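Take a look at this single chain, the form predicted alone, given in structure tokens.
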């Protein structure tokens, strides 16, 4: 039984739309969003590798002010967050809403237009950052002339998603739909509020740090977190071909995340009133509740089928992405405790956690979703086993090297910074080996994802040419249709 809904009762008199028609309606917009997101991932990784090299080799590309560390690092972060993570998860979310609703994607041209403007806005924003128009607010660095079109583009994609949900032909809601609807409504609120209070009518003093911290917390824990969890809760049971362990446990974790996850953006030692930092720590620690609910639900769902991870590429990526999500949550809770935060705040530990979230949780989950979705949308067997294996192991090795050295290097750096006897130059020298390993990890991720981007482009070209001019391709180049008996 497909792990999609809790009931077969339709919402309207119209029968559910056949799966092949649903996929046909999603093909162009979803593949477009996924392909563009993969391109931004490669660009973000390239910028990230350059900025990482600059930390232990300051003379690298020092002749260009556009490539100064203070510009290229935020450009890399914004490319990863808005160009890759947001766009990829929105594309996956559109497909999931159509599949779970048993209905074709409504207004399929709308997300294409929204996606085009989204990518143009991200490109304009990154050019603004590289040109020196950085706003100086974390994860809001893109200048005002790019943030407005970006917000408008998001509304177009969100409207299409909400229309698809509204006209669904399946009444029973699955857990993925809860998370997707929450995320779709959450981003306009947090993004417009942050832009209003920090850019358009900026508040003064300590309130700037409060608003920025609140936005970053909601951006990752609620918005991207909800989109990623929606994909995990869909693809993990789906690839295992069994229902989710507990709907009620999932419902409890969902509401607990929304309640506790929104208010944990202040850290001990941040330039805010002490009571605000303490309250934020309490809420952050309480996110252990939804974290345990999610972890237990996924663990019980996979019980007895652990060996399937070795044979199913989509399941392997999604399962590892879920593990990274749990690790980020647990380590994040520990890092906000005052005794720990004193040694990790303003060190390499913070970018290490960001890398684990973006490359571990988001990138792996998206990769698993792509391995499941793209062959069905292109009606082709894609990609080959060799590409999957290469991508998987470069991802695992790259994530380990881009994350662990920064985490341990941050602890080392924090210990020396808190030692009044340690000269500052010794602190700088102590972290150089960790930075070198991180650069190597970023390079491995860049190579693996560039190979995947090339494979996606080749599959799209083969499908397009095979549809328009089938005589141009040999039999070996033509995409092979999926077997009708395969899982859908």
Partner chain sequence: MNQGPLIFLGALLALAASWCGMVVVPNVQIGRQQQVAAGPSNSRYPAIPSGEAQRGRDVYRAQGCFYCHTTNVRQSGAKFDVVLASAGTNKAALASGLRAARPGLTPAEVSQIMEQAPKPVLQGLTRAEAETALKHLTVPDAKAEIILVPTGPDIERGWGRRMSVAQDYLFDQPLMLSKQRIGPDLTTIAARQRDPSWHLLHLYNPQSKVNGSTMPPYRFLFEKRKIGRHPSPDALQLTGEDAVEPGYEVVPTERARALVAYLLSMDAQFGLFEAPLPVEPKRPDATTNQPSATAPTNAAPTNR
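Numbering follows the first chain given and starts at 1. Predicted model, so just to flag it, every value in this text is computed and none were measured.
The same protein also has a form predicted in complex with the partner chain, omitted here; what follows describes it.
For the marked spot (55, 205 and 275), a heavy atom within 4.5 Å of the partner chain in the predicted complex is present in each of the three residues. Among 396, 320, 159, 270, the residue placing a heavy atom within 4.5 Å of the partner chain in the predicted complex is 270. Though the partner chain is absent from this view, in the predicted complex it lies within 4.5 Å of a heavy atom of just one residue from 400, 330, 167, 136, which is 136. Although the partner is absent from this view, residue 351 contacts the partner chain in the predicted complex, with a non-hydrogen atom inside 4.5 angstroms. Shown alone here, residue 62 lies within 4.5 Å of the partner chain in the predicted complex, counting heavy atoms only. The shortest heavy atom separation between residue 152 and the partner chain in the predicted complex exceeds 4.5 Å. The partner chain is not shown here, but in the predicted complex it comes within 4.5 Å of a heavy atom of residue 262. The stretch that touches the partner chain in the predicted complex, counting heavy atoms within 4.5 Å, is 186-194, out of 223-231, 186-194, 115-123, 361-369. Contacts with the partner chain in the predicted complex, taken as any heavy atom within 4.5 Å, map within 235-249 to 247 alone.
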